[in-house]
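This document starts with one chain, in the form predicted alone, laid out as structure tokens.
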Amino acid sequence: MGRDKHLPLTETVYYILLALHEPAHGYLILQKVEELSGGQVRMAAGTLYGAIENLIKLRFIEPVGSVGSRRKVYVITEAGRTVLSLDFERMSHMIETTRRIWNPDGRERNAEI
């Protein structure tokens, strides 16, 4: 079986999907992404809303209502959870393979792939 055509996810999309395991509006998504990424991923509002539009088209997230009169609330869908899980598995495999082979202190490891 081949890799899902949506993989690999960008770092930004990965964190947006992860942030939406609980419903959230745009500003909260921005905050959650920054927090989850340890400050490594910061987005402007325009970038976020472009990503949200694309993720809705892909059916990875969906609007679930609004807070007040203006704030739309979004949540990850089952398709979004699936692609997030597949990307997590892909990255986990890369990390485990790297750990078996490469040692950052420069010493080579004797490992079979």
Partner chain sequence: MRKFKCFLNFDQEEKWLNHMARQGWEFVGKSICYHFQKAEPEDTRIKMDYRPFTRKADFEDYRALFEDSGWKHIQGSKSSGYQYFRKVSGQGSEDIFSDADSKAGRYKRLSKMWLSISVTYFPICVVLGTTGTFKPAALLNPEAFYLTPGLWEKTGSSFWRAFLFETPFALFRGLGIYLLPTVIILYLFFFFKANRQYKKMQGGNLIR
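As the structure is a computational prediction, the values presented were derived from the model and not from experiment. Residue numbers count along the first chain shown, from 1.
Here the subject shifts to the form predicted in complex with its partner chain, a form of this protein not shown in this document.
Colleague: Mind checking whether each of 30, 50 and 74 has a heavy atom within 4.5 Å of its partner chain in the predicted bound form?
Modeller: Checked in the predicted bound form: all three residues contact its partner chain.
Colleague: Within a 4.5 Å heavy atom cut-off, is residue 68 in contact with its partner chain in the predicted bound form?
Modeller: It does not: once its partner chain is placed as it appears in the predicted bound form, residue 68 has no heavy atom within 4.5 Å of it.
Colleague: Does residue 38 reach its partner chain in the predicted bound form if we count a contact as any heavy atom within 4.5 Å?
Modeller: Contact with its partner chain, no.
Colleague: So, in the predicted bound form, is residue 43 in contact with its partner chain at a 4.5 angstroms heavy atom limit?
Modeller: Yes, residue 43 lies within 4.5 Å of its partner chain in the predicted bound form.
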